[in-house]
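Starting off, we have a lone chain in the form predicted on its own, written out as structure tokens.
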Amino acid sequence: MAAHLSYGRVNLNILREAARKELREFLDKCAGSKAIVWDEYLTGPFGLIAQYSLLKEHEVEKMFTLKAGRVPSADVKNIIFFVRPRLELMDIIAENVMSEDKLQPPREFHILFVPRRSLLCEQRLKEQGVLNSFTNIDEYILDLIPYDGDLLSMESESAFRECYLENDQTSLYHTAKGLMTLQALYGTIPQIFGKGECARHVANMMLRMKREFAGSQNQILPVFDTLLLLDRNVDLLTPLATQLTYEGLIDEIYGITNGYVKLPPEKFAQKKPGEGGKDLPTEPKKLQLNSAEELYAEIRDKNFNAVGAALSKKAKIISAAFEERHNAKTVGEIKQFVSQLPHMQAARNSLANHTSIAELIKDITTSEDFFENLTVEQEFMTGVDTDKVNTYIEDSIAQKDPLIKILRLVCMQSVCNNGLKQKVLDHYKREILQTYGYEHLLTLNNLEKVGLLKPQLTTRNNYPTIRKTLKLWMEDANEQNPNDISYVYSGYAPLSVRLTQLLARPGWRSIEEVLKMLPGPHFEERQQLPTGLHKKRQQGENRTTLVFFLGGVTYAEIAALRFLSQMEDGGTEYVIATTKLLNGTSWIKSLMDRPEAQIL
């Protein structure tokens, strides 16, 4: 089912199987027929671990979404609530339990907290007088979910907000726990590097947990050579920029959620001859996106300008393969052709889908608005006029363009200028509040707290030095046959990935001065390996590094790391882990107060 998870350097199917095993064990604790009541946010991540068929094997007959009121009637012995440990959800569960029909045969209630049990939540259930109604209260430790052969995510949507705005480090504890689980399955990671306050916290917690479990050292040969922990606030610029890879643009425009994207249906309608006037479908087209699909794996990390050529090349190969049928003369040849048909038809469908998606994206990327927006972004990134009010931003506010677009640009200007002059900042704030409403004062305040939008306190702007030293801007980036990571943003090399690249070679000592300009400490730790588990590296064998982004990562950064993994003389392969897969829009949204009241 999840074969693509084992294609990479590290077999992530082991992690998925461990998670499935724990789920089965919990379901078997609740003997008899079952109905699961889901916290809606969990259904997506769970879908990556276990399909309905697995639940069915363990007597799960019905599934409902957690809602206020009454649990729908179901002829089952057990009702299991799968929920995140949130107080507001406990109130809904209490209401569900209390409104249970006393005339029906009694049903047993169970709660499974994901990813951790919470005393506060149990206390809330006790206050509501329903705690004793539960037969089992348990936790299901789902920290890191395998999304692809080289990608893990915790899908903790508010991790950045919690760490940098609310000073709540719960998600860091979950990260440390997730990394301990990973080490239990894949061996101790001998070297840990990190940059940023949160990275330091996670490393300290990991080392403490390791000391606490000192007796139970697992005898597994380490799969990872190095762990790199990176704080998102070390590089606030990258997520604000518009991603220009195929996968990045799909996410920017339509949003990828748990490996799925919903697209406008009219592009995918199968029109048969003579059915011109038929109604077009209205349900969005839902497609799964991962490396299990051969074509997607091939094109997802390309710059969008190189996708068209790749698709037409693929079309020619598929046409030629179908033409082969005319050359099949003997029974054996016909039989061989027929055996390849399912694969060829799947390839043709895949090509049709991606051609449609590329057309949808092209309509947007060729628009004047997209081009103007991108031009302003690139001016900011190269240091052009970052210290004065930008006329494009002013015009966009006057036209009442989506607020998030405005916030992304203003924050980008602030980051590239090490803060805005008070006069410029006040001007932007006034314009935004008068156009979009004064309730956004809280949002502007949040953006200031996390360092995205701030007044310039010193006249010294370190960004140009950082840009030059780390070669963050490459003129004439080659989009078709890239030779540098900057192709993912058509010229801008993501700071986070450049740091990763320089750590592998020549090492961070070469950039000490720049590291000091970036927020938070940088550090190195070593973990002792049990005797006999030191890896003997073969001649020409690559090192494996796990890069963990604390606070979220974009698909363009993932593409840049994959590019480094594939470099002939790179010497390092990367596996990527994060608290959340994000883009500029979802990231800014997570920092807004009352984003649902937005006119987005």
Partner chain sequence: MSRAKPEDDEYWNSSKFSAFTFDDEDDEFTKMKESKRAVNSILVDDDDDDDDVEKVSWSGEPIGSISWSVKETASSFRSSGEQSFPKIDTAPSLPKQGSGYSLSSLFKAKSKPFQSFSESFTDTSTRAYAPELRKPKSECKDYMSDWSPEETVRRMRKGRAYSLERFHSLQDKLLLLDEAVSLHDGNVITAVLIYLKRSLSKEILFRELMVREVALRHYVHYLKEMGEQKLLVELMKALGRTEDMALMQYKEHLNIKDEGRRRDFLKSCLSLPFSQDDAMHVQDHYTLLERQIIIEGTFSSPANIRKTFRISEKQYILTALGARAKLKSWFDVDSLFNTKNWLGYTKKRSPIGFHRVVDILQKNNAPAQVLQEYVNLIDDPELRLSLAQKYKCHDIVIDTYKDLKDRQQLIVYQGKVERGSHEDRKIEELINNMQIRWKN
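Numbering follows the first chain given and starts at 1. Model, not experiment: these values are computed from the prediction.
What follows is about the form predicted in complex with the partner chain, which we do not show.
Peer 1: Of 459, 399, 327, 330, which one comes within 4.5 Å of the partner chain in the predicted bound form, counting heavy atoms only?
Peer 2: Looking at 459, 399, 327, 330 one by one, just 399 meets the 4.5 Å heavy-atom criterion.
Peer 1: Can you pick the one in 465, 510, 528, 170 that has a heavy atom within 4.5 Å of the partner chain in the predicted bound form?
Peer 2: For this set of options, the contacting one is 170.
Peer 1: Please determine whether each residue of 3, 55 and 345 possesses a non-hydrogen atom within 4.5 angstroms of the partner chain in the predicted bound form.
Peer 2: Looking in the predicted bound form, the three residues 3, 55 and 345 all sit within 4.5 Å of the partner chain (heavy atoms).
Peer 1: Can you say which of 512-520, 225-233, 351-359, 493-501 gets within 4.5 Å of the partner chain in the predicted bound form, counting heavy atoms only?
Peer 2: Result for this chain: 351-359.
Peer 1: Considering only heavy atoms, tell me if residue 334 and the partner chain come within 4.5 Å of each other in the predicted bound form.
Peer 2: No, no contact at 4.5 Å.
Peer 1: Would you check, heavy atoms only and a 4.5 Å threshold, whether residue 46 touches the partner chain in the predicted bound form?
Peer 2: So residue 46 counts as contacting the partner chain.
Peer 1: Is residue 197 near the partner chain? Define near as a heavy atom within 4.5 Å, in the predicted bound form.
Peer 2: No, no contact at 4.5 Å.
Peer 1: Answer with yes or no whether residue 254 is in contact with the partner chain in the predicted bound form, where contact means some heavy atom within 4.5 Å.
Peer 2: No, no contact at 4.5 Å.
Peer 1: Even though the chain is shown alone, can you say which residues of 390-404 have a heavy atom within 4.5 Å of the partner chain in the predicted bound form?
Peer 2: Contacting residues: 391, 394, 395, 398, 399.
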